[in-house]
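One chain comes next, on its own, written out as structure tokens in the form predicted alone.
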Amino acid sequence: MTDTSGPVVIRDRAGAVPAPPVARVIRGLSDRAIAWLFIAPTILLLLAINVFPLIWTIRLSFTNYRANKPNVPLRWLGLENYTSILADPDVWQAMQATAHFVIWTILLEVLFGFGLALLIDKKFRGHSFWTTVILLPMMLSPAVVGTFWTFLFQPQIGLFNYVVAFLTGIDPSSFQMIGDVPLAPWAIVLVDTWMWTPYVMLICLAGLRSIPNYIYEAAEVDRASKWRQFWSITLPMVLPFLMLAVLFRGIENFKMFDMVNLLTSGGPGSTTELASITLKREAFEKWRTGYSSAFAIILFVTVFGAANIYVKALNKVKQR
């Protein structure tokens, strides 16, 4: 009998390739360590993009720094910028304009979005086509929407005034939506509602489609009317989705800038000057970088605090 164990061992040893050092290290790591290894670059990138600018902004908010005069000696002001902002009547006027814009846009978008979702959920003939048509405004850029509606609101050549004149019989040149002080705040509300109602509709439609059919079937067996089914089944089960839409749109509208800036630039006067536009003027027109940094921190704390309170209320609704 021929002993072949020696040649086999020699052949295996010759064919074996030593593992690279990195591969040996990774092979010795746990699954949790490997997961952290993969997400570490993303976390570092987020820290560099989000956390560092926030810390730098907080530091600048306590100084007299001006971006157009970087050679001026930096002076520590403490809370002087914050007290000046809270005592500035122009800032409070901008906050009032922002509150008017946020409250009315959310109210109208939720009403129209929920109503459209109820209609689309019926799955009538051609509902897919009409859903696509309704979603078109949401697909446009806010800059495009602002420019588009600027032409529509022109009293001489704009289509909006002629549609209102056709429906009401008034002179189309007798009013200017973005030029009259009483109408300008409602003009930006109208445009934002037109653009973002489809977004609320999608969220509400997802809520409606998540309701099991057997619940409605049981209600029909109990001879519950359609109105009773709406108040007892549809609205309570869609309420978390509605609150989620309010949260998203409230945060976005509180920091709205591009569409309103292109549509009215904060005018006429300061009627539609939202907090974001005031912040832009202080930072890039007056070059009060430290002051505008303090204003940005105040807006951040306001949104963050309100969102936290709202999320707690949303979680309580979900737990019901």
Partner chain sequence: MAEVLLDNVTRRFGGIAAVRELSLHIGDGEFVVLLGPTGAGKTTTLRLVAGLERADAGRILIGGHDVTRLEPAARDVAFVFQQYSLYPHLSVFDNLAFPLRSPARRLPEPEVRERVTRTAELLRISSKLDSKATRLSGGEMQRVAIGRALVRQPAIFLMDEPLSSLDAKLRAELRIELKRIHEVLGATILYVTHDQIEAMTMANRIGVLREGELVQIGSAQHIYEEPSNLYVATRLGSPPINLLPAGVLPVPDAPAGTRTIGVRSEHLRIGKANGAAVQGVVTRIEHLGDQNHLHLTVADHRLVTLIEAHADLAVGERVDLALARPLCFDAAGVRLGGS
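Every value quoted in this text rests on a predicted model; they were computed, and no experiment measured them. Positions refer to the first chain, counted from 1.
Omitted here: the form predicted together with the partner chain. The next part is about that form.
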*asked:* Using a 4.5 Å heavy atom cut-off, which residue among Ala99, Ile215, Leu111, Leu86 comes into contact with the partner chain in the predicted bound form?
replied: Ile215
*Please pick, from Val181, Leu74, Met237, Val164, the one residue with any non-hydrogen atom lying within 4.5 angstroms of the partner chain in the predicted bound form.*
Met237
_Candidate stretches 219-227, 75-83, 167-175, 185-193, one within 4.5 Å of the partner chain in the predicted bound form by heavy atom_ = 219-227
*Indicate whether the partner chain has at least one heavy atom within 4.5 Å of a heavy atom of Ile233 in the predicted bound form.*
yes
